[in-house]
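Shown next as structure tokens: one chain only, the form predicted alone.
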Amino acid sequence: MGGPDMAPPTPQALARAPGDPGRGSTADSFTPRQRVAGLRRALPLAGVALIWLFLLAFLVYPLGRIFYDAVTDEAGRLTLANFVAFARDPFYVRSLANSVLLGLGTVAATSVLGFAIAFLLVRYDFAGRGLFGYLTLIPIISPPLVGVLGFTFILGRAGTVNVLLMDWLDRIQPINFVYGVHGVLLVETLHLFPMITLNVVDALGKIDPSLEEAAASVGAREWRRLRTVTLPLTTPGYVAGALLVFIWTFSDFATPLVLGVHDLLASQAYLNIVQFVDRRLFRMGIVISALMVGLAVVFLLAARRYVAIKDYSSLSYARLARRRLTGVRQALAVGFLSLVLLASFIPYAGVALASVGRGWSLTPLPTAWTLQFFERVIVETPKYIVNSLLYSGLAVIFCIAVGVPIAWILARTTLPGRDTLDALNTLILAIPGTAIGIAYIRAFHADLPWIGRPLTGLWIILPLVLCIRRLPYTVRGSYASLLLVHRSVEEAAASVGATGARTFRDVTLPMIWRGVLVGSLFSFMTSLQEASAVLFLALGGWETIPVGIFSFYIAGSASEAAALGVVLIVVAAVSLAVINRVAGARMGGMFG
């Protein structure tokens, strides 16, 4: 022991003391290799945190904000008075009922067409089957807004068909083919039936042929096998497609407005929000949007619950020999498909003629031809096309940056919150575009720090909302490809010292690039078509092609709107051709 005259230990000696927990010894205890290893472990966690931050900021927060606004008054006090006012207004109640009935009617109509076409393409062989299989996908490449314009040119009161009927039959009054709820149902059905077809084709490919053979071996006839074996086994894919058809119809306000239908929820949400004068109507627009989101979530949960009731674990991809159709049966199949496609291509014919025609008034066809309208939208006002390509391209980049890691988390990890992440990704498909557009207006109207402007005043909000709207397609395309890559391949790379990032870059990515490409192209193609959310957020100079089409048509410049529609169809058709080339019949997974 030292005496009282012993000098106290210096700070340097304390820093070198064994077992000392000071910062000096801790820093010295880590080698550069350990620091690199720690960084490699921290980076994936940081990436997961960034993904959650992105979803919380641009999905959860806007939806939470719109629900908050719906249950509070002007002073911020909680109240249900807004929903009571909605329930007591007969017009809004009728709009709700009409929206639900229109959605159900569209699901029923698309189901009949979708199932029939899917069965013909998968189970039977006939002349032109391959061509019909490709042409069946065409209606999905353009938004209903373009379709409704084409129908008004051909089937409108002064359209080609009515002009011919008045000339041939001496009719005085035109026939109302499209104006009204029946017209909305027609437009939505002919646009959305490929969603049912794709999902049912995908589901039929997963049915083990031995199940139907077993039913046949005990005497079940073809129709009974179809009803008791085949149709129930297509339930997961069909329900996914039917839900998307319902939500798409439920949230579309542009098509009803063009056809003069205002008593629908989506139409009322749009009209109440854009008027910017009556605060009560503006608040009711927010309430309607919150109600649409709530109903969409209920429909999603009900659909998932229905699918979960039964077990579909026996499903596996298998090739079933097609039955050759000849004679009358082949003629009926070809005739049915030709009739459906002829009706589906009516809007394309109308848009194409209007884009190059002049003097089309009370005549079956335009009286003169010109490229002037294309010159106006491509040369004089190229902002619509440039903006659409720019915003959709950036949205795809965001989708890949966020969607591929999400797919990896879902397919390769057991991280906490994985199920919640999957649920959020599925929820995006159910959120009406009208509601998400209004939610962004409410959530991001405050000035940002250091910028002094709200996010709604910056053009970057458009790629962000497009990314959120179309993220599930990239996730599903990547996830489906990851499931086909056996873990042992990645484990083999890790066993020879490859890091996780290098394994993904050199082994996994080359094997899943097709799925990533297909999902990204679907995100790009559907981003080009997005109208519901973008119409609320596009300020002057930010307009996309759908916004331009809507604006031109409302302003009475139908030919310019048609020219933009043709441009949109061409770009989407090229994307679809690439998707079909890469994915083939497995595209149903994008919607399932």
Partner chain sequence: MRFLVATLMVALVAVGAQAQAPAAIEDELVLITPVSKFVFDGALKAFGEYAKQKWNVTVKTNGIPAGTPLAYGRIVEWKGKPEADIFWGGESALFEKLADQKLLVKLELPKAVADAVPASIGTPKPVPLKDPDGYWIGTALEPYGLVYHPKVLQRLGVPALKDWDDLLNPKLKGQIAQCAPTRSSSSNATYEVMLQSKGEAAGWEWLKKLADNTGHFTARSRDVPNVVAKGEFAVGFAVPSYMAFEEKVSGFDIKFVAPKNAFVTPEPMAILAGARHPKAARAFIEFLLTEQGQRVFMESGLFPLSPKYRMQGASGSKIELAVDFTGGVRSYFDAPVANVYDEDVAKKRSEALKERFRKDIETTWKKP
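Numbering follows the first chain given and starts at 1. Keep in mind the model is a prediction, meaning the values are calculated, not measured.
Not on display, but discussed next: the form predicted in complex with its partner chain.
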query	finding
4.5 Å heavy atom contact, residue 158 and its partner chain in the model of the complex	yes
Heavy atom of residue 45 within 4.5 Å of its partner chain in the model of the complex	no
Close approach of residue 205 to its partner chain in the model of the complex, 4.5 Å, heavy atom	no
Contact flag, residue 274 vs its partner chain in the model of the complex, heavy atom cut 4.5 Å	yes
Candidate stretches 411 to 419, 481 to 489, 178 to 186, 341 to 349, one within 4.5 Å of its partner chain in the model of the complex by heavy atom	178 to 186
Contacting member of 425, 355, 152, 508, with respect to its partner chain in the model of the complex [4.5 Å, heavy atom]	152
Selected contact from 92, 398, 115, 248, since only one has a non-hydrogen atom within 4.5 angstroms of its partner chain in the model of the complex	92
Within 336 to 369, the residues that have a heavy atom no more than 4.5 Å from its partner chain in the model of the complex	358, 359, 360, 361, 362
